[in-house]
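One chain comes next, on its own, written out as C-alpha cells in the form predicted alone.
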C-alpha cells in the first residue's frame, strides 16, 4: 500500500497535462490522486484509490468538478508600491504607453514609491498579491525585481521575494531585472556598469534568472547583450523582454543566448520566431499588457508553424496589467488572438513550467510532481477561458495542502 497524507478524489475530469495520442490534456475521467510530503505519490482512477492508498491526512472530494494542475505564471512583477490607475485612464483616452514613460512618470513613479517603502510594507503588499494568485488557481510564479534599480533597493526587492516564498503557499522563482529601465537622474553608462559589475555578482546566490528589457525606451541591443552575456557567465538562466513595443533585436539575443524565455514578442519576425524555436526558448506571451496598451496581435501563426512553445502569463505589474488572474489572461488570448482553449491551458501549465526549468514538477500531475492542483467549477478544463473574468476556482491545493486565504 502507498502511504499518503493528502488525497483528492471524484474529479469529473482530472487533466494531468501529460499528453496521450487521444488527448493532449491526458485527462482521467472520475480521477483521483494522493500525495505525501507535498509530492504526488499516486494518480489514477478513483475506483482504485482505496485499494492502493492508505491515507493519514486530508481528503478533498472534488464532487465531479474538474481538476487541473496548479497554474504556472511565468512573467510577474509582484514587488512594487503605489498606483498608476490614472495612467490606465489616460491610455483609454488615447495617450500612448511610450508617452507615459517620460520624466518622473511611468516606471519611474513605481520606482520612487517602491524605494520609499520598507521591506515589511512591500512584503505585505506582495503577500496580498500572492493570495490573489492562489485564489485564481496559480500556485507557481516567476517573480521579477526591477522597481529598485540600484544595489540596495534591488536587494530589498529580492528579500521581499524571499519572504514571499517563505511566508505564503505560493511557489516563487526569483528573477533579477535590474535592466528594466535607467533610473531618473542616473548616467546611462554608469548604470549599465553598475548592473554588470555590482548587481549581477551580488545577486547570483539569490536569483535563478536574469532578465533585461530590449526596447528603445529601455536598453539597447548592445547593452542587453552586455548585461545578459555577463549574467550567463555568472550562471544565471536568461529571460528577455523582447519586441513588445516595436521591432528589435530582443528575440535575436534570446535565441543567441539560449534564453529560457522571450517575453511579449508582438513585433517578432518569422525568422526570429524560427530562431527562438531552434534555440528551445519559450515564447511567454502577456495578453493583459497587450490588451491595455492596444498592442498588435503577436505572430501566433508563425509560432505554431515553427512549433515554438507558447506560455501565457499575467504580467502582473502596476503599469499595464494589474491582474493576478491567469484565467483572465487565457480568456484574452483566446478572444483577442484566436488561440484555442487547449493551447492556453497548456501555455499556463506545461510550457510555463518549461520556461522556469520546472518540467515534470509543476504544471502537470504525475508521480513525483508537486501536489499542486486546482478544483474548478467548469464543464471541462477547456471551458475555463469561456468564463471571462469570472473566478471559477473552488479550491486550490499547494504542495499537498488545502490553501485558505491568510
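Positions refer to the first chain, counted from 1. Quick caveat, the model's predicted, so the values are computed rather than measured.
Below, we turn to the form predicted together with a small molecule, even though it does not appear here.
Contact with the small molecule in the predicted complex holds for all three of 75, 213 and 320, each having a heavy atom within 4.5 Å. Residue heavy atoms within 4.5 Å of the small molecule in the predicted complex occur in exactly one stretch of 76-84, 116-124, 322-330, 183-191, and that stretch is 76-84. In the predicted complex, the small molecule lies within 4.5 Å of some heavy atom of residue 315.
Although the partner is absent here, residue 199 lies well away from the small molecule in the predicted complex, with no heavy atom inside 4.5 Å. Taking the partner from the other structure, the small molecule in the predicted complex has no heavy atom within 4.5 Å of any heavy atom of residue 203. In the predicted complex, the small molecule sits within 4.5 Å of a heavy atom of residue 97. Checking 243, 289, 259, 195 for any heavy atom within 4.5 Å of the small molecule in the predicted complex turns up a single hit: 289. Contact with the small molecule in the predicted complex, defined as a heavy atom within 4.5 Å, holds for exactly one of 149, 207, 107, 160, namely 107.
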